[in-house]
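Just one chain follows, in the form predicted on its own, and it is written as structure tokens.
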């Protein structure tokens, strides 16, 4: 990617909520921004993927009510851009579609501040796709209109001409209309629209807690009250709203609409999450730990420079592989120096991390845990020298047992920090109104952190049998039991793919 220009403001559409719908351009800018100012409607899932080190400000937290806050917001953007900083203004949906983007951009033009507009997937398109309701259809709708359900307060004349709107030959989509459903309903009925006109309401579109229902125009207000629909939501009115030919497409996938909370170290859940989403699951990610580099690399550097004195190099995690080999390359060493070494990995995930450096392990034990690695290495390392690259908080079992038969250097190449309180608070907000079908834990330590951080919200569902814990190994399953969560589903292959297989098998039973 080209360097993002300095002294610039980027208006980025975050889309309706699902992080997968954030554009590539938007993600590129957010990854390199100096300051991110985001709207209240930007989903917690998107906030989770923003860089930790980048300062972030919620526009709603700025002082004053909306008209006053707009001045403060614009001044904040101008001040920081004038300092040469890259300011990312992250807005829900699309910046220029009911997002007040133009009101924020006009003062920048007056101050000659450079800016770029990055479009986003608007809520109507997200709601249409994720609910399966087409906005246009050759049989009954050849046009679509996007209409605000909430105009600017105090405006003397409305831009909404209800006689024309009621006769629109297609699909009407009202944004921000739930709180004014009675106004929309009464105006359309007064102008002659049939009370039997199909209506659909979709709230929190594209998110795991998406809620949707269909009715007719004459019952719109009653449905909003009965089903307790809350913003953000859109209302779709017209013949297309009754077309259910695409309805429930996610339900037909192997994990269709299952809610899954995955517990992984920060930055390492993307592949696991993507596979679950491809299978139809609604995925929440809890960063159970933060992986930190050593404060002092001197001991690691010393062993790297003396690699020729070792017979075996042993890795017990993908993090260990990445930290060790990244440092190895930073010191200017050639990967061919490792040719004389035998390399062991605890399991397939660790081996995959190794292969990304174009290095292939000599040993992956049949059983992918410390006990399995000890059993496989014991006949091979007697009397030799082993370099064990691992976390400072890792289990000591491997080092202790191998030390009985060979010389082991226990090298700590990274440490594990606790999750941030901000992240815990954010995930608690999501869990407070969404129950989980599965909680996936990928290590004993992840299970402990999850229990300590979110146990009060997860335990009732687990005890009631509504939430099932899925463990990556029998060892992790034992830890889950020790924590008081009872029996869990356990992967037989000690991999995240194995965990997914267990969920698919169980979900098929639930659905049946």
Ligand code: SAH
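Everything numeric here is computed off the predicted structure, so don't read it as measured data. Positions refer to the first chain, counted from 1.
Absent from the display: the form predicted together with the named molecule. The rest refers to it.
- Of the residues given (233, 439, 289, 81), 233 alone sits with a heavy atom within 4.5 Å of the named molecule in the model of the complex.
- Residue-level contacts in the model of the complex: of 318, 97, 216, 253, one residue has a heavy atom within 4.5 Å of the named molecule, and it is 97.
- Only one segment in the set 195-203, 352-360, 333-341, 253-261 has residues whose heavy atoms sit within 4.5 Å of the named molecule in the model of the complex; it is 195-203.
- For the chain shown alone, residue 176 is a contact residue for the named molecule in the model of the complex, at least one non-hydrogen atom being within 4.5 angstroms.
- Using a 4.5 angstroms threshold between heavy atoms, residue 454 stays clear of the named molecule in the model of the complex.
- When contacts are judged by a 4.5 Å heavy atom cut-off, residue 128 does not count as touching the named molecule in the model of the complex.
- Contact between residue 59 and the named molecule in the model of the complex is not found at the 4.5 Å heavy atom cutoff.
- Of all the residues from 108-129, those having a non-hydrogen atom no more than 4.5 Å from the named molecule in the model of the complex are 122, 123.
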